[in-house]
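The chain that follows stands alone, in the form predicted alone, written as structure tokens.
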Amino acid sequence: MGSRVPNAFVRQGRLYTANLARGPAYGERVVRADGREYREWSPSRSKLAEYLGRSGPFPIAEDSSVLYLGAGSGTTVSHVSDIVARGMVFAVEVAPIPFFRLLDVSAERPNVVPVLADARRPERYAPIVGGTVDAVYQDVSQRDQVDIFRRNLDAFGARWGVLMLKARSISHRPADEVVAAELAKLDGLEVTPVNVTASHPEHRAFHVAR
């Protein structure tokens, strides 16, 4: 993992990221090695951690810029911040309560910009992002998840992204039927499915590239 994703390492079957701040961000296990501090990134706590553990495509660089939609309280955001230590994470969250916890996480991380906004309206936070991003990561539960993802992918010129699709939030029809209909909205893009159902059975993960 260390050679595939910057600042991310697997040790004895556990995934860690090199801590950009100091100490835990949300109560996770912290270890020291080679004079550095590392935070455990559990797949049971983060769909992206499970995605990476299953070798999901993630062509990120240490100086990449990431637009994170559905940032919540910042659990996964903090690890993405570790990975793109010389880049930026624009963390968009619409709900005030988790956003306040996200502010605490971002206070220790200069490369995280918390944005209280509706991901359906990228034009409202475009001035904060200030241009293009390299990638979009999305984990939201709205019915129009795929529309939101594509709108942001296009708005910020991202060449690739990872979409965590929750079919149950879109419709109660059979999941495979819902997913097929939604992915049709990504026509013209290269879509690669990645199985992340072990810890997160309601979600399907997709790497999307231009």
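Note that the structure is a prediction, hence the values are computed from the model and not measured. Start at 1 and count along the sequence shown; that's the residue number.
Another form exists, predicted together with a small molecule; not displayed. Remarks below refer to it.
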Sort through 139-147, 167-175, 52-60, 32-40 and report the only stretch with a non-hydrogen atom within 4.5 Å of the small molecule in the predicted complex.
-> 139-147
Only hit among Val84, Val105, Val133, Ala119 for heavy atom within 4.5 Å of the small molecule in the predicted complex is Ala119
So in the predicted complex, does Val92 come within 4.5 Å of the small molecule, heavy atom to heavy atom?
-> yes
Gly161: heavy atom within 4.5 Å of the small molecule in the predicted complex?
-> no
Lys47 near the small molecule in the predicted complex, any heavy atom under 4.5 Å?
-> yes
